[in-house]
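Next come structure tokens for two forms of one protein chain, structure 1 first, structure 2 second.
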Structure 1
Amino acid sequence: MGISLFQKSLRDMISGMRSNRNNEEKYIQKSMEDIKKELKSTDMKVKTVALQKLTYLNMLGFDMSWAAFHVVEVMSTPKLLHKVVGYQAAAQSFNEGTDVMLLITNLLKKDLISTNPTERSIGLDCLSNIVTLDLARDLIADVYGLLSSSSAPCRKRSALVLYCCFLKYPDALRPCFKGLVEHLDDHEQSVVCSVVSVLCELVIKHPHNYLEMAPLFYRLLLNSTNNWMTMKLLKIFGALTPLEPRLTKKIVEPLKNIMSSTMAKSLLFDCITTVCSGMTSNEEIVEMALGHLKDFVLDSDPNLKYLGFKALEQFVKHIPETVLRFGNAALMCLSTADPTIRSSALRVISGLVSKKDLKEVIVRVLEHIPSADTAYRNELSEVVLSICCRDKYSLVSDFSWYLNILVELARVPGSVHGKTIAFQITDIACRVEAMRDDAVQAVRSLLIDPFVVEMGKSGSIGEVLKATAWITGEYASFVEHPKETIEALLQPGILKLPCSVQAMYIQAILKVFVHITNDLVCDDDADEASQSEKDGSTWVEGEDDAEEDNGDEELDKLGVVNELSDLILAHVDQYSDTPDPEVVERMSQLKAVLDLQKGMDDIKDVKDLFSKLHGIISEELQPISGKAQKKVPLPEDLQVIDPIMEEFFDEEFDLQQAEEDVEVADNQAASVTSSRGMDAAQALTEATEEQKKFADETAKNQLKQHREKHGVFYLSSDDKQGAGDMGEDDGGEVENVSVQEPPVDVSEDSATKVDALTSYRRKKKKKKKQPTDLVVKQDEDVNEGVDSPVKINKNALDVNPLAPLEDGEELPSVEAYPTSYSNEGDMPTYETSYEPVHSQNTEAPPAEKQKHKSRRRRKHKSRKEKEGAPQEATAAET
């Protein structure tokens, strides 16, 4: 057969790998080839060893999906040792996409009902790793049965495995719940603990469904001896107390006892988390918790410190006042090297800041910036920015100080917050009139610093420079040293900045120039002139224009203006090569104005021109409220609703419909879980009245024919309307899915389509007169209309498990799956496992057809034989 006589065992292979470290790849390739040959052998022992080696290689990263079928072979051997290897391999390599999953359902079932406890346990272990919707649906009844087994480990395991089955197959939650909860009274602590773990996971996700069980949990909490269980119970209460404040009062006592008596820090921490999640109204216990937290935070163990801050973060959200005393400790921790602790401390600080100590806190935070690395610097900057802009700067009382802080933050190298800083500076300058002067002065330092311009090449400070230029231009009246400012705006370094920034600079130059000229030339306004003296501005270097006589003065002023425009013209040409159209546009605008001015000799013309220009640029820009547009009344003669062209539309076309369609089209892109999306999908699937009627009729006829053919499987027809109402879900709301196909075709749908079938009957809450049949159950055992499998976990488990079960809600019974095989001979073979679906349809009774499992290879038993099987199964169980 080509296999070497001495098969390498796992140990040999690993030793070989370790000794061949240099050419490991080659060695592994060779081993893989050997394994492939060995797996094809008929000797089970050889196969098993080969599979073990393959599992090891898989753990190192080599694909083993091609061997899936061989895994199944090894899994189905009766010898326990080999079986274990097979199951391990399956647990590691099987996933949702593995085809052969269909074959192992029966194997697992046999193991679950076996008398050998080891077989049961390895079956359960394997199932917990590879459970899929199909497996869960088929085996849940068996797992549930094991919950009442006599062996405690078995009960313990099955409780946990039930949980992962619930995740995949949520419909099982309600039927199993009662049985699960019964085991909270089990005399074995470990079983109780497992059940509590499962309940904990369920409660945390959907606490409102489990409020009624609070007394039960309370009793358990009082009697618990196991720390793990106590922790899980505390988590449960942490989830329940926000919903039910009366619970708070009840658990204060036990919680206090636990907190004071326990030695385990982990338990203590859980108590504290419970307190901060729902019990913050009770002062006594909060004080106790905070006392312990102080110890945590000041402890040298970094774990405890981190946990302390994490809990404080929660407290800060609810009761910031009580946590103020920790502010100092948090600030001190900012200098630790551990990034997790630092981030946590920062978050605590950002919740603790008040108006009074804002300055102090920010200064202390900023102290750490120079010594921090880039990521931490960004974090610190972010915290500062977010604290100060909270609630429209409600905490900031001294804006000029804050503007300086912003400029300082802008200078931080490697900062990513340029845009935010730019926005905030502009925001403050716009909204706070008194601050405009300060803003202009503050950003001046950024403007004239060539180093900053250099930094602006890359990095977000370019945005800040843009804001700087804008502010300087917009509020040019506050510019103190205009000539210097213009020179700064003309720096050659600007060319390296992004084009949008350059455009802003040019515009700023224009505005400042117009402003200067206007101030200089239009001196009719005596106030302006005196103001320019007050600012100490030196229009003309060194000269004192107050003493010249008027005519000379005017000439001088003109001269100054000419000087400035020469300066600008000289430098502005450097922009002429840029490819950006906006820059070119603005530059030519500037040039045009300057040329115009140069062409004027008479100062009166200059005055005229510039006073007009000044009027344009000095119009104040105010921020507008977001709702302002809505307040604008629509003009009477504006028509937006009438159709543009009549002849495009049918007679039946309704404008309402058109609007809905537009909405639907818009919403299709939106998340399906949003309620609007659901309505839209509803609109999509809603058929017209005619279509509905037609579909109804067809369905009824077909159903009738079906029943006549296989009468024994159907109940009396009156309340069977539900079966006729089954339809395909096109991905929308469960309730209003229209009828489109009769049930007969359901079996040929893919499993996913079946999953999406509505449990329409359940919604209508019809009472069934008799215990439900296989067929009927099949219709029920589908997931609620949730779209993607991922969302199943979140939404579908949100059911009330304590409400009494309705008639339709039962576990798929054990006999729902045929088990009577004569064992060895029925080992699935590769050839027969993939029989096409249609060949089975003719043989199988429709009861089986209805199940999607009809896809699998199945020896078709008649119904009577199957009835014999459950008796076997139950016999095997005991």
Structure 2
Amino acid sequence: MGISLFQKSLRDMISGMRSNRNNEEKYIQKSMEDIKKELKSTDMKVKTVALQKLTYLNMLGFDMSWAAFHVVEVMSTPKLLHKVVGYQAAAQSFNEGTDVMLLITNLLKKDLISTNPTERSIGLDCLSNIVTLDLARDLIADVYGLLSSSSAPCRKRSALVLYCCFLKYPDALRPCFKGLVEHLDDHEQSVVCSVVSVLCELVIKHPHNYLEMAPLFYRLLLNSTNNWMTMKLLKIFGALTPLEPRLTKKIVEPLKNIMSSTMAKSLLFDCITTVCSGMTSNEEIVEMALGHLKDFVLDSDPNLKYLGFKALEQFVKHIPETVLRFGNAALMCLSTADPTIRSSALRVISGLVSKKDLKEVIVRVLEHIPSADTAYRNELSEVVLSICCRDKYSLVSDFSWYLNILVELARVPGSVHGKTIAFQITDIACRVEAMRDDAVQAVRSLLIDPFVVEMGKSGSIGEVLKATAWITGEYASFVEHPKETIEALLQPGILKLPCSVQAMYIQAILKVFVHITNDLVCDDDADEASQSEKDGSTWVEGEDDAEEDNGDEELDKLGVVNELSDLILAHVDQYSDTPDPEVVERMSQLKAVLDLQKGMDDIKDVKDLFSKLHGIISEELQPISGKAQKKVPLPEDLQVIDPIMEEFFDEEFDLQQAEEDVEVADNQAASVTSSRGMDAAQALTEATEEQKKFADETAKNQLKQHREKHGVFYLSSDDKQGAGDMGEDDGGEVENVSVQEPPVDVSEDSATKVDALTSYRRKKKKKKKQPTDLVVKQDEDVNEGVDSPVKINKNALDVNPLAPLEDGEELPSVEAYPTSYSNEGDMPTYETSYEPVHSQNTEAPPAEKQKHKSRRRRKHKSRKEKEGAPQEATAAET
């Protein structure tokens, strides 16, 4: 390809980029400016080289959508070297949103029927990359016609491009399907392989439509000598066998022969996946497939090992009991360096774990967390959490052990599963009543650990700390070290946690303090009373000594309570600077309780206060099902639609809605008057006589002010009948209309006046805002909804291609691009119409040529007669 004297070629630009690595961005910017100038050149060689450089830069991520029209110019050049560059640029940069896409339809049509095989090839390749609904609809007949070409590469390409057209234009599938299937008997193996590839994609999407073709696919499988085509046929049977189990017995022998004779790993892998997808009922073929699968898993090649684990994932979904032997191999692969193999092995482990070996598997998985990077640690944590919570913790038999596992996962640095950990800890504490004591003791280690509090500043561990504080407060009766717990809830690092966590901490402090105080000052009296009832005796001797001992104990208990109260008051003020109102509110409530307790000197007052507080916060919170609300019966007298006050309504209601509201109000007023009793809600919403009088006066004043301000816009009563409908319905203009204010009937009810005023305003808004309705008639040959780009329905290809064609299901006729112009009248000549194309040669037969020539002669003769008529008239006048 020739270039101008001072123009840089693609090689020069690449060399310049490599030599300017430190200043590459600046160099590319300078090159882009040169390219924009070169694309404006009239020399097609310069423009082609510039487009070639721009295409290379587009591969590096630079935008070239602005040069779409220049791409079309290079595509339309007759020189093949330039055309190739243009088509490559179009295939790389064009999409459904490209504006100039409509300009290349005829260009592609011309190149698809060209006698030059290279032009046909680049046209098909480009169409497969940029096909849209419009292009597929206009060019599907041309592509289908190329199936009958004498060139095998052309037939192969056209079969593959047909599938791309089917995806955008599904209506072409049924008309083209018969001709496509006929090429399964093509003498060229490459063409048959291409057709099988297209059928494979169609069958995988909707296999139920192609069950009748199973004998044809079976014959191809027996006679296939191409590994690629055999792989496609195996995928077809993998999709068909779940729908027709009888196919399993039919293809068992061919599969055995292939697995025992082939040396191709890719073909062997497809045999294994076919067995897994629809042949799991046959134990013999399953064992044979698992034997070959073991070689994949234990192979040193990471690619084959990955394929082995991908196949294992499929077996785990269908028959997990048969692949338990691969559990140790999967655990050993957790330490491999390949992240894809690790992820696949984790999915296999997740599917193989059982209730018996749960603890062993979880412990071995957790062993890899300390040495793993952040992403892998999160992946390991996610697997552990998903395994244990499966089917509502059906695999977990020891919840105390699992609570410790959750606490250990909460300490993992950089964890992103804090919300899940918090939910599971809370869920277990709520659902498993026997585990509440263990849950409080397990989360205590998180409360007193400053490292965990430091982790909660950023990340999801703050959610774990929030759940920890909630469990400690909700089940404060299980707290063994109250003072240490309160000190942990008051540590200064909590101020750096999210505000929701701080609020939960303050609430936990209040609950723990109330429980401790109630246990100290109230529970002993209850125990003594119950003990005396059991003994059946009262204090008779030593009553005075007992009272003295009880007084000393009560003072000691009160001292302990005051000590805890002083500890809390000394640190709770640190939350006063928090901007969150909930934190401040809970802090104020806590201080109020503490101040109230500090002001009480009598132990009886303290007992009364904290017994009441304990009764409020000690009610147990039970888990509620998500479907519980649906089981609550709906009250018969529940009214959630009727408005509370009818006489005040918004002016934005339309006329019909306003009239309906007035009718509803009248009916309700009548029913209220007739009824003897009136409930509280109706009594509050019923308007008094003064309110009605005030509403009447307000309506009159508003109507009067409105007419004074906008009186010139009112029509007289005569003009309303003649011109009102025209102005509202037809959108016409009213001219020379006499203005007259309609009379105001003072005797009318105020609600009716407000209704009329609101209706008039609404009509006026409608007249201003609503445009005239325009009806755009579509052409008869244009279908609705074909504008590009269009979202294609995923089930559009779900049709039966084997059923007979209905009326109208046919491809459009193919009309070739104009190729030449005759000397007579400069009329363009066209090649003949065909459907489908049966030959590479596009030249019309002699009979058709003669027909076109006679047609041109008649048109030329009629044009001469029309031109000669005025001349004869002029001669007659002369």
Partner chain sequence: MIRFIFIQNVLGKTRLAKYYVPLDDSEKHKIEYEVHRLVSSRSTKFANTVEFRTHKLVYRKYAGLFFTLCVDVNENELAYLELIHLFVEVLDHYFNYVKEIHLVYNFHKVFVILDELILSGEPQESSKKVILERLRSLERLE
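Computed from a predicted structure; not experimentally measured. All residue numbers here follow the sequence of structure 1, with the first residue given the number 1. Rigid core here is just the name for the largest C-alpha set that superposes within 1.5 Å across the two forms.
- Between the two isolated copies of the chain, the second is the form predicted on its own.
- For G86, a C-alpha deviation of 2 angstroms or more is recorded between the two structures after rigid-core alignment.
- Superposition on the rigid core between the two structures places the CA atom of C200 less than 2 Å from its counterpart.
- With the core held fixed between the two structures, Q424 has its Cα displaced by under 2 Å.
- We note a C-alpha movement of 53.9 Å at K700 between the two structures, with the rigid core held in register.
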